[in-house]
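Following this are structure 1 and structure 2, which are two forms of one protein chain, each written alone as structure tokens.
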Structure 1
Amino acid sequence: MKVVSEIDNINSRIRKDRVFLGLVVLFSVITVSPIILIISKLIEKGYKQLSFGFLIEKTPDTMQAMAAIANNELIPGGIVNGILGTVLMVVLASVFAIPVGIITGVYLYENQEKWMANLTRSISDILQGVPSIVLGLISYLWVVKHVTNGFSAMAGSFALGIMMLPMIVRSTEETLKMIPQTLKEAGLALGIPYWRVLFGILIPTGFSGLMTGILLAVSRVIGETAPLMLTALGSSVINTNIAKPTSAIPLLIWEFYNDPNMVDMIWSSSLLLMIIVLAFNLTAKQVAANRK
């Protein structure tokens, strides 16, 4: 072997190694920089508008906004109609998706490799990959056209619900799989009926895992805009009738975006939405971390 050239070779290889590490670190920093850029932009442009009134007042109309801008004032009003609409629809979606999702997850856990369970699991996986706009279309075809005969909170929450469903199914099954089999057997050995073992032992043991899945699912759908455009449509008043058009925070952001006079409201609404989403997200992470 050529000894002289080998020293050079080693040095150049070590250099390559360092350069590669440098690139990895640089690109990783670039990867996460948008989160900082986006959040700091939202704070910078949105914090002024974010007051208590913003949380309890209805959206202003274009005229009010124009007048405020002309007088160099903050746009009056808030987005309470959107906040309440989001709460209403997310709660409705959860009422549907959480029990169905958990029970389906339990079913998959109980029937691991049976063909019916395999089919259900695959379908659930496929459903998880379906773009949310398509779910909006479906909810339009089913709920808007045939149930509420018009755009409605119910249609919006149905779209959000089918979005949450596969996420909850999957996290339930994964959580239950991690619980030691012996725990279940110990319960059954005491002669406890299966449903009591399920609700008394398995689900409480896996509670934080289920909770993580639910919180993440909620945090994913809170920010959804596209399916709501086809279903809930939006409303400038507070609506509590689930058969009527309803607003939501992301829908309001979309409206503000399309109305040149309302631009200032975009940032505060987005900041609030971001805070809510991050709160759910980080709580989910915390719950998962505490479990370990």
Structure 2
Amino acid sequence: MKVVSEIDNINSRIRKDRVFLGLVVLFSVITVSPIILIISKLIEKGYKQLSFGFLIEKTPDTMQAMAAIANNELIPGGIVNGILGTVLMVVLASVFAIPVGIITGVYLYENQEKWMANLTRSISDILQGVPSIVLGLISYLWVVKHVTNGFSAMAGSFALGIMMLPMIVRSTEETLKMIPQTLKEAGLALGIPYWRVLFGILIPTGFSGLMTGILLAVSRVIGETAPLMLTALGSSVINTNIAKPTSAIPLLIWEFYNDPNMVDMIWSSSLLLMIIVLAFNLTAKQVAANRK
């Protein structure tokens, strides 16, 4: 009887394991399915317009789109003004956010128990949860109204930079916490100035972790539309002047959405934006994997 009871217990555990495995697989499929459906739909609808010309030509107007649709042709033109505007604003935002974020992260790491560090950490966490439209409104009131006196790439990059800060700050702090304290102590024991220990030992050692946070921060802001509507506004021409209104891929998608003749451009622009964001996320994942 004892042997039979043991066999029943083993069979019961096996059945429970199989049920649990089935639930894990089911919920995994449910989680992945929307992503697969979105990607497949974007590819199905957007691949036709993707071409080299799509990357190097300016946005077409409504009349060009109407003529192309009437002749059953692809809509001419591209979104180079949006691509260059996105690159310009992301670069400007990175120039602002990366140094400030890393320095703030170092401060939090070195002063973990001080009230100022705790306050800064709390503000950073709160900032990460603030809706992007609110940050766009703040940037409008601070920069557009009082600094640039108009919509501009500078105002847009400021809004994106504010959005990037929390992730860079937290990733910097957490990365430095993972570095053995003995490395820092060894450098200081040799008489090396603290700033050289920081830039010559700690940051290079945690470079992959810092880069992962930076890439994830960039991938987060590169698809934002709401803050740019209140700061960069958009432009139908190629603009490299940071003091003037500038377009971006998300802004173009919104403009295409408001024009029924530009439906095909919506899908193609969305597909390109998804590819860019996916590339940043995969790069961040690869950098994180190399860190182990």
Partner chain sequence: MNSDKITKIVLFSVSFIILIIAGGMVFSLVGGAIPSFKTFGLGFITSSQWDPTDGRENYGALPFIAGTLITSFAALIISFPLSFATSLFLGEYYRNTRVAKILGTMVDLLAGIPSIVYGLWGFYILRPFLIGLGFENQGFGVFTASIVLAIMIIPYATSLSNEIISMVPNDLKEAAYSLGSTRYEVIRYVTVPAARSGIFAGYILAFGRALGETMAVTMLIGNANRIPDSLFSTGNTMASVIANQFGEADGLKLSSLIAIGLLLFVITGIVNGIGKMIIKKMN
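Each form is matched to the other, and the largest set of C-alpha atoms that superpose within 1.5 Å is called the rigid core. Just so we're on the same page, residue numbers count up from 1 along structure 1's sequence. Quick caveat, the model's predicted, so the values are computed rather than measured.
Sort out for me whether 1 or 2 is the form predicted in complex with its partner chain. Structure 1.
Shift of Phe27 between structures 1 and 2 at or above 2 Å (CA, core fit): The answer is yes, as the C-alpha of Phe27 shifts between structures 1 and 2 by 2 Å or more after core alignment.
Fitting the rigid core first, would the Cα of Ile14 be found 2 Å or more away between structures 1 and 2? Yes; Ile14 is a residue whose C-alpha shifts (by 2 Å or more) between structures 1 and 2 when the cores are overlaid.
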